[in-house]
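Presented as structure tokens, the chain that follows is alone, the form predicted on its own.
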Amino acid sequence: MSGDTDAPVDPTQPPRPTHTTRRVNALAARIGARRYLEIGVQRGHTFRTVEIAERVGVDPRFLFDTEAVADATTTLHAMTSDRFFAEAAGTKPFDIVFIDGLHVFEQVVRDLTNTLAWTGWHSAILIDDVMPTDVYSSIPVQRDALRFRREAGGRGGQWHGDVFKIAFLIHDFFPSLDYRTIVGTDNAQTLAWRAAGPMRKPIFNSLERISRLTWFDLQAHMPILRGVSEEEAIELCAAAIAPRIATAR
């Protein structure tokens, strides 16, 4: 969970870079990224501090003055990601896509599959909120997650939903994608990119079973996240992508 609240951004205060900013900018520098898409912008601290020439942001409800940010190379779409991909995505591929929309598995599946249609072998996809902090954080309905934690005597507003299932889906059903999950510093995120490699043996091999996984299943199959450090994930992704971009350009 990004930690953003519903309070609008103070327009007099500059955006503060996030750990996602650091990761996206490091990867962008390595692969020479030119086009960036962010799904789930909200307060825009990441979006407004990403250093990529062309930026596209999508959110049903921005919490900052989009007119003050938009220009010839920065566009912001106040709509759902489903509608964006159906009506406004255009035809040019994106080099880096950050998926941080609604924290439920079904929506992340749609966002990932739509993103794959607007990316290519030179693109990287970063998915947020893949590591729930506790069993309550993994509940798909936010109000239930907070209520059950509170009733159990816990504190805090952490909510990641069941986004963690996307790693199981990629592992079992997207053999053309390589991926690693950044762990150890800040919020865990899964970085994925297209790569030819050895076929992974499916663990569940069932969309229905994956959709019903719980926090306890994640604890029992933690290696499926393929957790590595931030530096290693970026290095692996960049090493796969950079040569393709150099050849294409």
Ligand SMILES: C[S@@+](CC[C@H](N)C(=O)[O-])C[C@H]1O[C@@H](n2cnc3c(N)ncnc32)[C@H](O)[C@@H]1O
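Note that the structure is a prediction, hence the values are computed from the model and not measured. Residue positions are given as counts along the sequence shown, with the first one as 1.
There is another form of this protein, the form predicted together with this ligand, and it is not shown here; the text below is about that form.
This chain is drawn without this ligand; in the predicted complex, the residue among Arg30, Arg194, Arg34, His45 with a heavy atom within 4.5 Å of it is His45. In the predicted complex, this ligand lies within 4.5 Å of some heavy atom of Gly101. Using a 4.5 angstroms threshold between heavy atoms, Gly184 stays clear of this ligand in the predicted complex. With a 4.5 Å cutoff on heavy atoms, Ser137 does not count as touching this ligand in the predicted complex; it lies far away. For Pro60, a non-hydrogen atom is located within 4.5 Å of this ligand in the predicted complex, even though that partner is not displayed. Of the candidate stretches 214-222, 176-184, 201-209, 52-60, only 52-60 has residues whose heavy atoms lie within 4.5 Å of this ligand in the predicted complex.
Contacts between stretch 30-57 and this ligand, counted in the predicted complex as any heavy atom lying within 4.5 Å, involve Glu38, Ile39, Gly40, Val41, Gln42, His45, Thr46, listed in sequence order.
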